[in-house]
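In the block that follows, a single chain appears as structure tokens, in the form predicted on its own.
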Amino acid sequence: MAQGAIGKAPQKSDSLVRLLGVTKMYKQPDNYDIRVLDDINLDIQPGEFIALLGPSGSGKSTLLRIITGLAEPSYGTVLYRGRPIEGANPHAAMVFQSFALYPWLTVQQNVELGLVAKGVDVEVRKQRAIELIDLIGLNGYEDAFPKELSGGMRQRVGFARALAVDPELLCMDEPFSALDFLTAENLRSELLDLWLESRIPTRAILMVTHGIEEAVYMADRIIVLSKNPARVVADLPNLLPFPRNRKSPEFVQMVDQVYKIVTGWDDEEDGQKAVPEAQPAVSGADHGEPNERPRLKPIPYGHISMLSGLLELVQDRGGHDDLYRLGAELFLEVDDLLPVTETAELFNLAEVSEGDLFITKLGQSFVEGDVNDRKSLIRDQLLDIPIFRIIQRVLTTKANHAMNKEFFSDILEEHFSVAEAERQLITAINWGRFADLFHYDTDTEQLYLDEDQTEEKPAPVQQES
């Protein structure tokens, strides 16, 4: 059994970390703020291994940085053992997904970095580094440089460096996502063994992940975030005993339960998904007060080709299928599958309920139609989405029916960060081109309409006979 599942659960007063109403906003040039985290309340108890799940872009990494003191919340309080965090938390350490090793330092020197910053005596830190290098299975590589190591070995160095400072709280930001499947599996098992056997001094682990199976396999508590902005929508205890068998009915049932939550977090009371549309903004100056100016909600990043293939596959299986099973068969994590299913829902081609995907009547028409039928159907759906109504209105009213991409980027940057605005516009361009709603010239970076895409000409006047 995991450490956090043994004995009586600690009281709130014994919390290692407490988040009280944590909110994070990013200021935009127009004095409007983008809210990434909204009123996050969370307790991390000693002995817990917590997995933080949520859709891509839901603010998981931002929350992790706030907990470690690498970023500050816009509102709310972060307490560590009952005291507010000021600056970087000296009792926490971070493992990044990109290894983040210094290429000019040896393995031992990279592991010693945190101890050097703490002013630990040379001999003491060398001994500590050697012990950890041996613990993580890199004995004999003390003098090797990162370029000489495989990805898995480099991440082991990252773990050793984080553990060298004896952190009470170990935070991991998708630590296995950059590794191949077998290497990741080995490293997961080894880390879990170190944790369960109390061979590391860490009192609690918080891991950001996009893999539901990974969360169920490793954690004894799973926190699920929504996005736009991120809120805690589920806090699930995972009482499966260790060692966990991925093929056991209990494991599969737990994964399926989490899958249903992650894919259905924005279900409304009537069971239908909320359709992205313009929403009131919330500014930093007027916290909690809605602004009169409407704000665009982002569109998902689903690829039309992948959407078509998925709908064809599900239609061949009777018009519905379990998303967890689909993801496993296609080797897709939830972060890869969700944008496609969200796009299907946005286009009214499918509905997601209780973790299952159901093809709608419109979706059946899409699957059965030829490429021109599909283009026409998607084109009709796009005209109901605010960002496409903006593009269509601009291109239709312009005398030459053309507009620079930068113009639309500026509009979107009023609603999103610069990077997010670019992703939104690229997705919109790809969808619009597929549906023949407009064209895009990559050389001039202009969106434009041809004669067939402009407003319909009035019908000719019938002459009296």
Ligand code: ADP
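Numbering starts at 1 and runs along the sequence shown. In this text the structure is predicted, and so the values were computed from the model without any measurement.
This next part talks about the form predicted together with the named molecule, which is not shown.
Note on the partner interface in the model of the complex: the residue among S61, T396, N41, N404 having a heavy atom within 4.5 angstroms of the named molecule is S61. Between 61 to 69, 396 to 404, 430 to 438, 43 to 51, the stretch whose residues reach within 4.5 angstroms of the named molecule in the model of the complex through a non-hydrogen atom is 61 to 69. Within this chain, S56 lines the site of the named molecule in the model of the complex, having a heavy atom no more than 4.5 Å away. In the model of the complex, at least one heavy atom of S417 sits within 4.5 Å of the named molecule.
Not displayed here, the named molecule is kept clear of L412 by more than 4.5 Å at the level of heavy atoms in the model of the complex. Interface membership of V36, defined by any non-hydrogen atom within 4.5 Å of the named molecule in the model of the complex, is confirmed.
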